[in-house]
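Listed next as structure tokens is one chain, alone, in the form predicted alone.
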């Protein structure tokens, strides 16, 4: 039995993974994430990767909503903050363990997604962006208005750790990230994802064909909120504190920058951008005077010369599409690996 599964896994890696550079990159990235604590158990390095995993889930959830449906959200920190505060309140006052408070916090974010999604159904473009931007500001006002419950400016501290050991926490967060990204990518690759694309491109035509676009937009809001909530709950228990910083407007714009940098409507590109930009920003922390300036130059360069995002641009340089079967091939191939058609 073990030999059979080993042979099957080897066949999949050889025939499906190692045939394209993008798949190879994803494969080696997963291996690196899994094996990192074996190579180094440096607490600071593990902390950076843990936070990158959390923000990767958060960024991919924004891409699921804004990238695929075109429902531009400038207040995505609302979902993150709702879950963080819900998990913190459940853990601090009702003594819920992290394995219970994090999923319940994510469900609280889904309710928040309904609260935002339903009144915003008729809004698009700038109007939707400004409306979503107002929700984290409103929640921030509520946080300051009830300091006895929310902790006010100081937030809620003393939360339980996700796991007693740092390596255990690392693996819980890393596996949660891989499963969340894989789930979102699978959703966007299905019929559901095609309909989200259609809503973004021409919602009126889709409604004319008999598709209930309202239902799918609400579903997109709720799914995006759920995964953002997972990230918020993990963040609260990892940092062991939640406060107004989880609702800051800067966090909402940060996730938009990560998403645009990695490639909108890709899921994997948005998540991958976090693992590039977040460590870079941590590396330049010793140079605070020019840290944001360097970050700004990187973003401007990408927007000017790689408008589709860094990772899609890199993929297009090393892969090309077959004109007949539309399958991707490595750039130096002369014939398609599927239908053997001549590649230009």
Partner chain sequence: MKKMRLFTRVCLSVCLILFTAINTWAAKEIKIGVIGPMNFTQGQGQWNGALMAADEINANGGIQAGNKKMKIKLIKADSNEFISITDAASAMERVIAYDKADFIVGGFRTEAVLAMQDIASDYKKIFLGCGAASKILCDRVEKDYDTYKYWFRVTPQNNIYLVKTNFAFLHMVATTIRKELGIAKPKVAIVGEKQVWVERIIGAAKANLPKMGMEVVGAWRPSQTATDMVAELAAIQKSGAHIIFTLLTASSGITFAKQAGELKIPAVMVGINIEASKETFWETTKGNGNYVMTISSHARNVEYNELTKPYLNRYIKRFGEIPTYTAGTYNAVKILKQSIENAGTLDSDKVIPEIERYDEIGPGGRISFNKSHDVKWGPGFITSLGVQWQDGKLLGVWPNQWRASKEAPPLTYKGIAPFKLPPWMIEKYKK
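It should be emphasised that the depicted structure is a prediction, and the values quoted were computed from it without experimental measurement. Residue numbers count along the first chain shown, from 1.
The same protein has a further form, the form predicted in complex with the partner chain, not shown here; the description that follows concerns it.
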In the predicted bound form, which of 149-157, 180-188, 100-108, 206-214 comes within 4.5 Å of the partner chain (heavy atoms)?
-> 149-157
Residue within 4.5 Å of the partner chain in the predicted bound form by heavy atom, from 218, 198, 239, 249, is 239
Quick one: is residue 235 in contact with the partner chain in the predicted bound form, heavy atoms, 4.5 Å cut-off?
-> yes
Interface membership of residue 306, the partner chain in the predicted bound form, 4.5 Å heavy atom rule | no
Closest heavy atom of residue 68 to the partner chain in the predicted bound form, within 4.5 Å or not?
-> no
Using 4.5 Å between non-hydrogen atoms, is residue 193 touching the partner chain in the predicted bound form?
-> no
Enumerate the residues of 280-301 that have a non-hydrogen atom within 4.5 Å of the partner chain in the predicted bound form, in sequence order, or give none.
-> 282, 285, 288, 289, 291
